[in-house]
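Shown here is one chain on its own, the form predicted on its own, set out as structure tokens.
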Amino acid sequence: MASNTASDKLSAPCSGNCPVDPAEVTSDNGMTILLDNISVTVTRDDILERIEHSPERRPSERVLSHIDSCLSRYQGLISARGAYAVRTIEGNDGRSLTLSGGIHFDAWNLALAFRGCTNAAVFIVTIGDAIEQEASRLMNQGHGIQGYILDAIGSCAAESAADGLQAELEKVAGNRNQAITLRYSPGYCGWDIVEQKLLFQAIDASRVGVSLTDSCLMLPRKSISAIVGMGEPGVVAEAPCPCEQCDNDSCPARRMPRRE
């Protein structure tokens, strides 16, 4: 597989107003904090993994050429923004989780992963809708491969933006002498997608231009919502991962094997 070089990366630098100073974030009342122009990096390997190209087989030069063309041609279509809100965890009975503001998640995986945590940070990131509109236009005009690759770039960019915002939350937690858990999103790890509606009650998603449909689909589509727990480093490190109790061995989001 070709190695990553400067020419096969997509990188959007921060504009200077991102990230926020973690020392200034002390509120647990759910105030939405906005982060503009989050740095995003997408590589050839990211895209090949997204399109499920076998790592044992070298991709064709034609595929690599299409990937490089899309990476260089569509950089201006990605504008990553994010927002987060920190809330107090007011209840954890081992099967559900309650945040300040009366937000109650009926999610055993969160209760398990956030065991011992005192706070939770809800966040949303998006790269906007320009890249998905262009991907759709290409497909409608018969350029299926380019459209498919561009859509994959958008998905990778959204994940990269989520990684960037999560890294900022680590700094915010560190300033409070806390650590954060892995991130969890509705629809994964056995968490009912319907609770996306509750997640959106915990943060003002309109600050980054993201809305939720009746079927819990986020618009723009290249958006990610998630929640992380925050607590004493030792407590967070010892919290079990829901994957250890999940029997879905084929899950693409699995982070560790099931504990026997």
Partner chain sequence: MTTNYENIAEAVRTGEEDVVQKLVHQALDRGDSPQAILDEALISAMDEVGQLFEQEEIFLPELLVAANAMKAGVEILKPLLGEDAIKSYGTVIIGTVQGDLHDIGKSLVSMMLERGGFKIIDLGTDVSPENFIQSLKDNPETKVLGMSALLTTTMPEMKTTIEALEKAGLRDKVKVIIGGAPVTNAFAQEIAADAYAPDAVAAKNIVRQLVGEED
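Just so it is clear, the model here is predicted, and its values are computed rather than measured. Positions refer to the first chain, counted from 1.
The same protein also exists as the form predicted together with its partner chain; that form is not shown, yet it is the one meant from here on.
Enquirer: Tell me, which of M139, L77, L112, I103 has a heavy atom within 4.5 angstroms of its partner chain in the model of the complex?
Expert: Checking each option against its partner chain in the model of the complex, the one that comes within 4.5 Å is M139.
Enquirer: Among Q146, N92, T118, Q166, which has any heavy atom within 4.5 Å of its partner chain in the model of the complex?
Expert: Flagged contact: Q146.
Enquirer: Look up in the model of the complex whether Q201 has a non-hydrogen atom within 4.5 angstroms of its partner chain, and give yes or no.
Expert: Output for Q201 is no: heavy atoms all beyond 4.5 Å of its partner chain.
Enquirer: Taking heavy atoms and a 4.5 Å cut-off, does R207 contact its partner chain in the model of the complex?
Expert: Output for R207 is no: heavy atoms all beyond 4.5 Å of its partner chain.
Enquirer: Does any heavy atom of G30 come within 4.5 Å of a heavy atom of its partner chain in the model of the complex?
Expert: Answer no; every heavy atom of G30 is more than 4.5 Å from its partner chain in the model of the complex.
Enquirer: Please run the contact check for L34 against its partner chain in the model of the complex: heavy atoms, 4.5 angstroms, yes or no?
Expert: Judged by the heavy-atom cut-off of 4.5 Å, L34 is well away from its partner chain in the model of the complex.
Enquirer: Only one of these stretches, 146-154, 77-85, 103-111, 172-180, has heavy atoms within 4.5 Å of its partner chain in the model of the complex; which one is it?
Expert: Going through the listed ranges, the match is 146-154.
Enquirer: From first to last in sequence, which residues of 93-131 have any non-hydrogen atom within 4.5 angstroms of its partner chain in the model of the complex?
Expert: The stretch 93-131, when checked against its partner chain in the model of the complex, contributes no residue at the 4.5 Å heavy-atom cut-off.
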